[in-house]
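Here you get one chain, nothing else, as structure tokens; it is the form predicted alone.
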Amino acid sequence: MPADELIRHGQHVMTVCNACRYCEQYCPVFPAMEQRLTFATADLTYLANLCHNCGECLYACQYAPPHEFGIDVPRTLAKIRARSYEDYGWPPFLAVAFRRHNLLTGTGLAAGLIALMFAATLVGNGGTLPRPAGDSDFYAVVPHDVMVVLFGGVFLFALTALWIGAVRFWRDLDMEGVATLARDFRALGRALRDALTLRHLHGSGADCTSAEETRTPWRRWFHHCTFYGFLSCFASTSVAAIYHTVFGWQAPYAYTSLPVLLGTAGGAGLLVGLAGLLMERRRRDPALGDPAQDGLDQSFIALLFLAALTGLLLLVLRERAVMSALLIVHLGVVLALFLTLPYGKFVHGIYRTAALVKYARESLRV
């Protein structure tokens, strides 16, 4: 759907909802909607990213398809949400990847980077893979300096792209700017609480909606496993970096060390959460989402799942001969994941948290 047509349709949907207000207790979207008489593009972008896609409003709506009004709030906001990812992406010529990013492109990028790293390692070692004996020396396969330069550069680029997109998004949502946000600790606290607990993922009930008469808690719990598993893996990498740069302790670390314990817990959480989310996606009513975004979701799930799986396998098999090849595969997948973070489903967590901050500020002023 062209951008102008999508915005006009979103304005139609929100205008009808604002007149009805039957769903005002389901989630933050409707109270935020009721504070507006008209809906500019920035308003629709805010509401779309505030939506947690719980789906309750679709089944409650008397104007939902096949009614001639065709009110489908979850799907309409999902389309506007995806369009906002591209609009705020940086640099713009790479932001179009949101339209083409699917399972094939994500896994294809990972395969290409793995092949490239294999080739570079073979060339640098006279046509053979290094086979460290017994001590599972990762840096004998890929030197530490190479890892730092390659992954540090890619990570900084991804972080910069994510930061610029988030700032653009916030400026359109809140004309007061970032300066006043830093002083609004109460709103920040409420928004972070809602984001970290996924308070609004299950609508007005205790469980998440997967079909008209089906409510289960699994979607929320699998999201928790994924999110906190990712944070645990990030903490593991951060602690390992401190061990290396501050204390001079080089990897690999003992199985009882903090980096390994955090990484193991995080990897297990990711595997459980991502597998569960993929299973829930297949069970969930297709009417609750936008089929055009299936590839975007699947690519992120696949890359994150492969990163966790290869990381855990590397931990278990790090003293075997297969370690060298497995390390290269793991690094290639992680590199592909980093490169796609600013142009994949990862950004929705950042924009949704920003929308929750704005909602908390509005709510506290009412």
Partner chain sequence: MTHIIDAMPLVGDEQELYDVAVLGGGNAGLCAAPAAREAGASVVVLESAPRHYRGGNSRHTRNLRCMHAGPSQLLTESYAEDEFLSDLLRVTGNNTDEGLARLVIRGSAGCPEWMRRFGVRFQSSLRGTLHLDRTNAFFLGGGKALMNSYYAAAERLGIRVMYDTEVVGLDVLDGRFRGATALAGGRSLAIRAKAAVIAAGGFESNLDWLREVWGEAADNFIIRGTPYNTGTLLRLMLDAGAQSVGNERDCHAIAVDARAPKFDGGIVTRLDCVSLGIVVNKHGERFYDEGEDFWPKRYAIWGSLVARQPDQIAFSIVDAKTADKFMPSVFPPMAANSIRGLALLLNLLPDTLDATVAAFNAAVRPGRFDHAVLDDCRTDGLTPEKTHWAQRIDSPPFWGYPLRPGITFTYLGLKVDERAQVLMRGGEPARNIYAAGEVMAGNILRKGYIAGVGMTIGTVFGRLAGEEAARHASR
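Residue numbers count along the first chain shown, from 1. Small disclaimer: the values here were computed from a predicted structure and weren't measured.
Heads up, the form predicted together with the partner chain isn't pictured, but that's what we're talking about next.
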For this session: May I ask you to check whether residue 35 falls inside a 4.5 Å heavy atom distance of the partner chain in the model of the complex?
Result: no
For this session: Flag residue 26 as yes or no: does it have a non-hydrogen atom within 4.5 angstroms of any non-hydrogen atom of the partner chain in the model of the complex?
Result: yes
Exercise. So, in the model of the complex, is residue 350 in contact with the partner chain at a 4.5 angstroms heavy atom limit?
Worked result: no
Exercise. Is residue 145 one of the residues lying within 4.5 Å of the partner chain in the model of the complex, judged by heavy atom distances?
Worked result: no
Problem set entry | Partner-facing stretch of 296 to 304, 321 to 329, 63 to 71, 336 to 344, counted where any non-hydrogen atom is within 4.5 angstroms of the partner chain in the model of the complex | 63 to 71
Exercise. Looking at 215, 224, 131, 281, which is the one with a non-hydrogen atom within 4.5 Å of the partner chain in the model of the complex?
Worked result: 215
